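Encoded as structure tokens, the following chain is the form predicted alone, with no partner shown.
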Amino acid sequence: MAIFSVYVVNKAGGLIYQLDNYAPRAEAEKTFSYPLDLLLKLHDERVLVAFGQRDGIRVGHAVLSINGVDVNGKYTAEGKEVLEYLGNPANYPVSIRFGRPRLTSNEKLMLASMFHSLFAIGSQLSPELGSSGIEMLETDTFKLHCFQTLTGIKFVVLADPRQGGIDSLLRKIYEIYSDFALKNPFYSLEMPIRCELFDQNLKLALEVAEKAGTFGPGS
């Protein structure tokens, strides 16, 4: 079981904190000789497979690393342009790792805003007054759990569908937020959370929840 990520969204729909805790990936790493028998193209500042599928590599997969060096967008961590590097025969043989593209910071901001809107729509569609809004969305690969405080802050956890104790974990995260963000004299309400103690205690809570499968009494 696993907890994939945590999002904290303010009452205006802005993303003020995000943590990727565990990201299962269908990745494939292969060593290639020149010329590369896959067609790669730049799309949305990522190098993606546009044509050619083999050995677990699929169209739409992104280049994640080259010779063990991580790729960020269209550049390696060493500052080399990916397409230019792979176009040079002198750099072969080369080991390339492919996988699903990682979400960018802008995409995470956009998704948080979209969920905020869906949450509001869910509340308005309720046949009864005082709806709590969306508390859980379920897919075959993950569940999205949401807890909204009385002040409108939303704590969102994405977890394995089999992971238990998420309701208690969400309230534990709220407790950590109250203790290490709100009580921090340097923190401004509704603004991004940049607090080391918040990070440390959140990661500890996630670790405990994953190992136990539940979190505390009443999980």
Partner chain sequence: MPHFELSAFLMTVHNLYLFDRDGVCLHYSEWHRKKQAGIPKEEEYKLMYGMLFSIRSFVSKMSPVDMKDGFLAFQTSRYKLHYYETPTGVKVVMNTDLGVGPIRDVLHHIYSGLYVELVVKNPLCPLGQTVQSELFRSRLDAYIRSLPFFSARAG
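The term rigid core refers to the most C-alpha atoms you can superpose between the two forms while keeping them within 1.5 Å. Positions refer to the first chain, counted from 1. Note that the structure is a prediction, hence the values are computed from the model and not measured.
From this point on, the text means the form predicted together with the partner chain, which you will not see here.
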Report task. Please state whether all three residues L129, E135 and L158 have a non-hydrogen atom within 4.5 angstroms of the partner chain in the model of the complex. Result -> yes
Query raised in the report: When the partner chain is placed as it is in the model of the complex, which of 57 to 65, 188 to 196, 28 to 36, 168 to 176 ends up with heavy atoms within 4.5 Å of it?
Result: 57 to 65
**Report entry** Interface residue in the model of the complex among V94, A77, L118, L83, criterion: non-hydrogen atom within 4.5 angstroms of the partner chain
**Finding:** L118
Query raised in the report: Should A90 be classed as touching the partner chain in the model of the complex when contacts are defined as heavy atoms within 4.5 Å?
Result: no
Query raised in the report: Would L144 count as touching the partner chain in the model of the complex under a 4.5 Å heavy atom rule?
Result: yes
Query - 4.5 Å heavy atom contact, G73 and the partner chain in the model of the complex - result: no
Query raised in the report: Using heavy atoms and a 4.5 Å limit, would one call N106 a contact residue for the partner chain in the model of the complex?
Result: no
Query - Threshold 2 Å Cα movement between the shown form and the other one at R46, rigid core reference - result: yes
Query raised in the report: Is the C-alpha displacement of E128 equal to or greater than 2 Å between the shown form and the other one once the rigid core has been superposed?
Result: yes
